[in-house]
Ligand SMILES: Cc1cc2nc3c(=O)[nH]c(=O)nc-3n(C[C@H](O)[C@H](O)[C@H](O)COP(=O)(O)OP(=O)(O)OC[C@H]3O[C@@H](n4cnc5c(N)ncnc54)[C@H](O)[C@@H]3O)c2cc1C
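Just the one chain here, laid out as structure tokens, in the form predicted on its own.
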């Protein structure tokens, strides 16, 4: 029996495991497939802004591994190291015990974590958007601050509680700011204050909002944001973060108690421990997704510097679209290394982008056809429903979309995620147990 160990249950690892299991059954191959992950689900990260905005329940964006990956053994744990010569890996289980797993083929898809900078107070006072805990915490924290502002008697504190700073004007940051704004608008109507009193500030060092969608659509996004009252500040970022205010790189000061850091990602911490060549914090791989010098080891997704054959000299960006397709190629090439089928190189065909901009608006360029408004909104939501890999999740998300058309969002802080639960480090793996 040949053993294949897949590290990580993100888009790439999940798709690789699913496809490889199908190929093994098709060829009646004696292959034992294991997927090792700190969590027992695949997280559909593009909808995390919807979770933070109270539009979609956190359960709906998590696809369980147990009843979705047929023929794949799920191992709960955080991989800490790999012995390439001995063909073993070590991992820490949820009870903080160290365990070992042997493998004949290794697939490294540990994904990415939020990219942090050495900004005083950032890790302590800001929160990211890489996990359901972070998304739920942002929703609950914003609602709590709005509730506290309603009973506060200090004007300075009230302004701070009603000011939200989001850093990062790319996909996630832009979608997050509009979803939080939609939540605040509903909260204002239900709590009895003017929603216009809640200020949203979007920061980015870039010269354009969402450069990934091109100049024309990027300008359309910026017009929508400013029309909705979002204060877009380009060429500026955080200098210091404090519990009740932030200092920007232009030395201006903003009173705020809600700071979201959504500036980009870097390879998972495991990559640094492997002792293998990296590029921009990501593991170097060949176009066939094989790790150079290790014919039994493959890697792809956010953790890998996959060459972009459509743009020589560049590597593929860490997007869900690339991750899913690389997972399919991974499965094919791992199977080929076992004697089933032929390998292929990963070559991406861009199918376009979709960006949800809150109620009644979106931008999209499917197959390079540029859309905005209701047409883009329809395409965006249909794309997410199509890309979700489980019917039950599609059904639940579609009902959430339908509910949002006819009813106000639920304005309730349920307290399921604490400030500690939403630390940046929690997206790296299993948090260490707290001391007694």
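All values reported here derive from a predicted model rather than from experimental measurement. Numbering follows the first chain given and starts at 1.
In what follows, reference is made to the form predicted in complex with the named molecule, a form of this protein that is not presented.
Shown alone here, residue 78 lies within 4.5 Å of the named molecule in the model of the complex, counting heavy atoms only. Contact annotation: residue 393 falls outside 4.5 Å of the named molecule in the model of the complex, judged by heavy atom distances. Though the partner is left out of this view, residue 285 does not reach within 4.5 Å of the named molecule in the model of the complex, counting heavy atoms only. Although the partner is absent here, residue 4 lies well away from the named molecule in the model of the complex, with no heavy atom inside 4.5 Å. Remark: none of the three candidate residues (168, 204 and 208) comes within 4.5 Å of the named molecule in the model of the complex, counting heavy atoms only. Look at 358 to 366, 287 to 295, 225 to 233, 102 to 110: in the model of the complex, residues with non-hydrogen atoms within 4.5 angstroms of the named molecule sit in 102 to 110. Think of it this way: in the model of the complex, the named molecule has a heavy atom of just one of 36, 69, 58, 371 within 4.5 Å, and the residue is 36. Contact with the named molecule in the model of the complex, defined as a heavy atom within 4.5 Å, holds for exactly one of 323, 246, 138, 178, namely 323. Using a 4.5 Å cut-off on any heavy atom, the residues of 1 to 28 that reach the named molecule in the model of the complex are, in sequence order, 7, 8, 9, 10, 11, 12, 13.
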